[in-house]
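A single chain, nothing else alongside it, follows as structure tokens in the form predicted alone.
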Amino acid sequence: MSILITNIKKLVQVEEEHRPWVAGESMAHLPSIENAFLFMEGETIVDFGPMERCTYEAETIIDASGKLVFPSYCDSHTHLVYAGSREIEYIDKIKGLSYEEIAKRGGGILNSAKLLHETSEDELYQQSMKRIDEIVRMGTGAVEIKSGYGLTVEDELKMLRVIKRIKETAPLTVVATFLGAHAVPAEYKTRQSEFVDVVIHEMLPLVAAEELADYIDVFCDKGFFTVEETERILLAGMKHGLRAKIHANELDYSGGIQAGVKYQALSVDHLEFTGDAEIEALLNSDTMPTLLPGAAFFLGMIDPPARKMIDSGLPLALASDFNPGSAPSGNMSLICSFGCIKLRLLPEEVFNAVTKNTAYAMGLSETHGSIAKGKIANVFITKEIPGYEFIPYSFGSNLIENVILKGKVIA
């Protein structure tokens, strides 16, 4: 099937030469073409450029007069496979309880683990596919989904099998991450090192044998897993061919960023507590710093020093952290708004952070994240809007009119 989009008011994030990511001052540049066309055939972008150069015919022609076309968002950090919701904990937060206090009372991740244990694999899949449909219609074309609400061998495998099923049936691109070390189960509270052994010696071999994960992750932070435990798990993951992605420095200066760099993590995520030493470590690495402003907003936490990180020459990615406890939304346009409003990023920096840099943070930079010849035909068309700046400006508005994934019109 071929699709031709014509009279595009602005074709955003075009790329003639491949760059794996955008960093520092370059993040303020967003290559675009006005009055443009985009031609796609099969699952692939074939050509694009100014309308006066368009000579293509296609089975489907879409007139995008007054509208913008973007590469689909890439959401490089989610936990969208979960059972039920946690709005009661949300009320506890309103009453003043902290994330750590709720966790100590059996809430948080442990609550989600209990709900997941009681939910069948089929029901878990059905719940998750509703969330997939929601994020697709809001412009996401590639998503990373983590396990971590299982906390037992059987339930972690259940989660990862559901993620694999989503990967095989959903219209968007899915990357799977094994996060067995997301929290310490109640029965291991005084025997944390034994649970680390379970993750390494019982969970990981089975995950690898069934080829259920693309990456491995650890929550390396205050009250969760230490640097030493994190390094043990990451090293074991590497032996099974799984590259690291780390939750780090959300709650304190944990050493997680440095551990991620040491083990060549593809990304380190959260990063509310990032200082000069952490920035220096990241500058000398291929690890993508990934911020999750929706979680910081929802939990009322401090914001990471995003402006300082970019001004230091770092790249930045922004992801949703879609999960039931701290970020119950996968709306990446809203994440763009948080990037501008809360983190003081420019619209151009934000769009680089949710397309090119998140594609890199998922290992998809060769195929996703920009409008480029030969890349996967994942794009969305906006409603009639003045310019790309209008998306983060009109926070909460649904400005997406059409979604095309792998060369097919989805919505």
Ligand code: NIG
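No experiment lies behind these values; they were computed from the predicted model shown. One-based numbering along the sequence shown.
Heads up, the form predicted together with the named molecule isn't pictured, but that's what we're talking about next.
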{"query": "Glu278: touches the named molecule in the predicted bound form, heavy atom cutoff 4.5 angstroms", "finding": "no"}
{"query": "Heavy atom of Leu80 within 4.5 Å of the named molecule in the predicted bound form", "finding": "no"}
{"query": "Non-hydrogen atom contact Asn323 with the named molecule in the predicted bound form at 4.5 angstroms", "finding": "yes"}
{"query": "Partner contact for Phe219 in the predicted bound form: the named molecule, 4.5 angstroms, heavy atom", "finding": "yes"}
{"query": "Segment that reaches the named molecule in the predicted bound form - one of 243 to 251, 307 to 315, 200 to 208, 157 to 165, heavy atoms within 4.5 Å", "finding": "243 to 251"}
{"query": "Of Val184, Ile109, Leu234, Val175, the one that lies within 4.5 Å of the named molecule in the predicted bound form (heavy atoms)", "finding": "Ile109"}
{"query": "Those residues of 129 to 152 which, in the predicted bound form, come within 4.5 Å of the named molecule by heavy atom", "finding": "Tyr149"}
